[in-house]
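Quick setup: one chain, the form predicted alone, written in structure tokens, and binding and motion questions come after.
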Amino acid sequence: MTITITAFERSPDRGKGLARDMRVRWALEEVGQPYEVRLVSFKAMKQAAHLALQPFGQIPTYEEGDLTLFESGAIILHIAERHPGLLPDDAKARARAIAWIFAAVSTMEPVIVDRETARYLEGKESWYEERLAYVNDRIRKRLGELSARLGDADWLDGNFTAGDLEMVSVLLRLEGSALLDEYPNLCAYSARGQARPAYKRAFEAQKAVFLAVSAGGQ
């Protein structure tokens, strides 16, 4: 059965690979599963057809036969459980890898997204600088904890897993900021993830959408 995922017709990240369909593309590339992409506009995301797939009007969604999923973490876990390559065979190692998926999306990502919210929506407020400093300190705390756990290892728990895929995807949201640069081992960890052939294929596929839309708008 053909796998179909949805992605932004016009991604707000302008081809940087930050939209969450990138994570699903990466997972599918890692396990060698072909897929199709249906692009949706911001208007279409709020209409009934898309809301039937994703009740919160977001991307990505995942369709395979009569199965429809939403939430990138859940989709990645589904892919990892069905295809070899993203979860260890050992039951305990497998459970730890799944824990890292959840840690990425529920412990690391919220504080990083909070920074983006502050920068884009609250930048003109009189209390913005104070709030940004508070948010940055929260991020540093999480990055410090992650850095200590990773140490000098290549990956979070032995070989590369879906947990690393999700965590690297989250850290990418900090690229270009001084915050991530404070933790050299995390910078190197993120670079290792981006150096994987599957990541490169997924990135180029997502970037191609942006380039095509940009060319069409000229």
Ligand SMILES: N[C@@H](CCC(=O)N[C@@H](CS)C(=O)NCC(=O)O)C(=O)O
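Please read these numbers as outputs of a predicted model, since none were measured by experiment. Throughout, we count residues from 1 along the sequence that is shown.
Missing here is the form predicted in complex with this ligand; even so, the following discussion is about that form.
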* Asked: Is every one of Ala19, Lys46 and Gln58 in contact with this ligand in the predicted bound form, taking contact as a heavy atom within 4.5 Å?
  -> yes
* Asked: For the chain shown here without its partner, which stretch in 59-67, 156-164, 25-33, 178-186 has non-hydrogen atoms within 4.5 angstroms of this ligand in the predicted bound form?
  -> 59-67
* Asked: Is Glu145 one of the residues lying within 4.5 Å of this ligand in the predicted bound form, judged by heavy atom distances?
  -> no
* Asked: Though only this chain appears here, would Asp114 touch this ligand in the predicted bound form if you measure heavy atom gaps against 4.5 Å?
  -> no
